[in-house]
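What follows is one chain in structure tokens, specifically the form predicted alone.
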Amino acid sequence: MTEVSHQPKQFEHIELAMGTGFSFHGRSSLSDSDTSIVLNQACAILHEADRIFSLYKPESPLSRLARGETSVAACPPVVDEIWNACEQWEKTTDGWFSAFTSEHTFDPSGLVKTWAAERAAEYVLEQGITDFTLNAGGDIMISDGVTEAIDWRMGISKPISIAAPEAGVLTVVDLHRTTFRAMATSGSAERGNHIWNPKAVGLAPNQDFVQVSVIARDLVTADVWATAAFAEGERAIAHLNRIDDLEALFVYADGNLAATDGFINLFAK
């Protein structure tokens, strides 16, 4: 039986999974032991997604699919779910999000991390912990029940490696009293030019931007559009301005900034 304390207690849980760090931070009315159990079970969702979808694990279903050793139908049903989701997002983004590499390998990494993060967050909410944030390798989700003003604020990093001496915060946004609950950033600072242009010959990367941060109502939407906007390049500014419930900040290769029309309203004051 789950124990509920009268006074919410602060918690922080950091989990290494899917090649990155996931940080849960918030307040829980459950006992310390029950809170720990909930967070560990939520993180099991992340590890299961990694087991299935990692292309760095030779025996994962997705690695076997890439080598032609199996079919989507023979993989766990969630592979077909993600395949279909990627196809739908490709249509939604007018083809700027694609889950296929230049070698025609199915690589849904532009969606799977935040998809798994959302599933983990949903589990935490279902267990009665409603006041928390989740940082999924720099992509951030805020729960509706957040009670501390600081948790509504998100920092956008400078478009350089976090290991660089000049690394730090580029700007801060505040999502309090907005409909937005998530932000995702795509860029070349940590992994180089790893986002391909699905409409270019040879899927060569677009080099207009070094970083794109997208704010949306949910984490997957923010993540997919950040990837798509980076791939599209400068034309994405006008493109995202036509999309409801999205705002974005773009950092050009020369260091100049651009943003969608409503982004200015989100700067922390």
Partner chain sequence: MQSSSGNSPYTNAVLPSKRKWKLGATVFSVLSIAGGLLVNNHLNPATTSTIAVTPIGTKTGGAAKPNKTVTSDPVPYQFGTIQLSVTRKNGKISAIDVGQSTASNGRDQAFPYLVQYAIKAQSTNFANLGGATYTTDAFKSALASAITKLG
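Small disclaimer: the values here were computed from a predicted structure and weren't measured. Residue numbers count along the first chain shown, from 1.
Keep in mind the form predicted together with its partner chain is missing from the figure; the text below concerns it.
Candidate site formed by Leu55, Pro76 and Leu111: none of these residues places a non-hydrogen atom within 4.5 angstroms of its partner chain in the predicted bound form.
Taking the partner from the other structure, its partner chain in the predicted bound form has no heavy atom within 4.5 Å of any heavy atom of Arg119. Remark: Ala182 does not count among the residues lining its partner chain in the predicted bound form, judged by a heavy atom distance of 4.5 Å or less. In the predicted bound form, none of the heavy atoms of Asp218 sits within 4.5 Å of a heavy atom of its partner chain. Although the partner is absent from this view, His176 stays clear of its partner chain in the predicted bound form, with no non-hydrogen atom inside 4.5 angstroms. Segments offered: 120-128, 67-75, 89-97, 135-143. Contacting its partner chain in the predicted bound form at heavy atom distances within 4.5 Å is 135-143. Although its partner chain is not shown here, in the predicted bound form the stretch 8-41 places heavy atoms of Ile14, Leu16, Gly19, Thr20, Gly21, His25 within 4.5 Å of it, in sequence order.
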